[in-house]
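Here we start with a single chain on its own, the form predicted on its own, put down as structure tokens.
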Amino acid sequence: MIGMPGLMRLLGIAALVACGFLFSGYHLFQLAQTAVYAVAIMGLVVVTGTTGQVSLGHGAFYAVGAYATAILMTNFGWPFWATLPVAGIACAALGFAVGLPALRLSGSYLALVTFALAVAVPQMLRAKALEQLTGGVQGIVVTAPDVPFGLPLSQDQYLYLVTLAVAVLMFAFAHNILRGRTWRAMVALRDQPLAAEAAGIDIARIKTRAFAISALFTGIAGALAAIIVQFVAPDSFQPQLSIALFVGLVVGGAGSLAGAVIGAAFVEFAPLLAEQVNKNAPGVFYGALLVAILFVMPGGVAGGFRRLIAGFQWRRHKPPSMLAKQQGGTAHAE
């Protein structure tokens, strides 16, 4: 029997599938890009929200995943679906390597190291030595896959539905990760590292595994982005991308997969809304909106909703003795 959370997820997925037939063109592209950002932010939920390791370099994994797909499709003729696991595995290996410094660093020091990676990768993609492979500053044009089997779908609808399907699978994968023994070890590492080590948890293995899994998510997100944008270039993966993904994590809620979806919507639509409100200084409105959200809901939007629901349920199921005491106090005050 499906519980209420499962039913809500199914209804949400059904609504998102329906969007593929209700919208078209640029709106479908925006929704597909939101799904891509959601997958990338899920990776940050694993490494930052769960283990507490702050990463400001996930734009680098995003870029590597995008370039892996673009190179395999354009230079070697691979079908797009076959490039996704390769992009994920390549980024997982890179994430494992980046996770090694995390064994000795934490907090702001680790954030700076990962941010250095986000700064370095776009420069490396411009290198003359790699120009024949990466296209240098000109980038690579990616040919969008055709709609298979004669399905009655436009290319925009097909790309959106494929992106949504991958995002749902990655959500299910992340949900399983965050319910098992590995998740409990990650949380113990975040909250009480000394106690976790005393309990026999292999801290080195957990940290490097968290970075590898996180990079896998973000690499697959980058691969999807290459397919729907149909172009990759170094300028598309500037350090601002890493900052935007981290902002999405904080706005949605660092420890919530649902928050990853909310944060992805913020990353995609908040800049557009800010530009519509004030074309001369959109950053002012964007910053004010960000500050307002974090001031009202410091735990993120998902955390704010959880507190509202918990408060409503507590008031609804409050013990009669407490209700009588509260009413007595109110009457005494009057």
Partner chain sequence: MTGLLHQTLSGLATGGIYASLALALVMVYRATRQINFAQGEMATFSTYVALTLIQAGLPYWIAFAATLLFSFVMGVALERLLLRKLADHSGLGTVGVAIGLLLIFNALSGWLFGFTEKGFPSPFEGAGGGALLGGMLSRHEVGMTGVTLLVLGLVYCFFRFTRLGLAMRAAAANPDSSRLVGIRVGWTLALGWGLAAALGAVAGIMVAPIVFLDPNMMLGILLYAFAGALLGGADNPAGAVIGGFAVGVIENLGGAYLVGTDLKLTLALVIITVVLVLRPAGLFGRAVVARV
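Numbering follows the first chain given and starts at 1. We call the rigid core the largest set of C-alpha positions that still match within 1.5 Å between the two forms. Just so it is clear, the model here is predicted, and its values are computed rather than measured.
We do not show the form predicted in complex with its partner chain, though everything after this point is about it.
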query	finding
Joint contact, Val86, Gln132 and Gly180 to its partner chain in the predicted complex, by non-hydrogen atom at 4.5 Å	no
Listed residue (Ala165, Val141, Leu194, Val137) with a non-hydrogen atom within 4.5 angstroms of its partner chain in the predicted complex	Leu194
In the predicted complex, the one of Leu28, Val301, Val54, Val45 near its partner chain [non-hydrogen atom within 4.5 angstroms]	Val54
Contact of Leu308 with its partner chain in the predicted complex (heavy atom, 4.5 Å)	no
4.5 angstroms heavy atom contact with its partner chain in the predicted complex for Val284	yes
Contact flag, Leu249 vs its partner chain in the predicted complex, heavy atom cut 4.5 Å	yes
is_contact(Val187, its partner chain) in the predicted complex, heavy atom dist at most 4.5 Å	no
Contact segment among 77 to 85, 228 to 236, 213 to 221, 99 to 107, judged by heavy atoms lying within 4.5 Å of its partner chain in the predicted complex	99 to 107
Members of 114 to 152 lying within 4.5 angstroms of its partner chain, judged by heavy atom, in the predicted complex	Phe115, Ala116, Leu117, Val119, Ala120, Gln123, Met124, Ala127, Lys128
Core-superposed C-alpha of Ala196 shifting 2 Å or more between this form and the one not shown	yes
Threshold 2 Å Cα movement between this form and the one not shown at Leu272, rigid core reference	no
Flag for Phe295, CA shift 2 Å or larger between this form and the one not shown after aligning core	yes
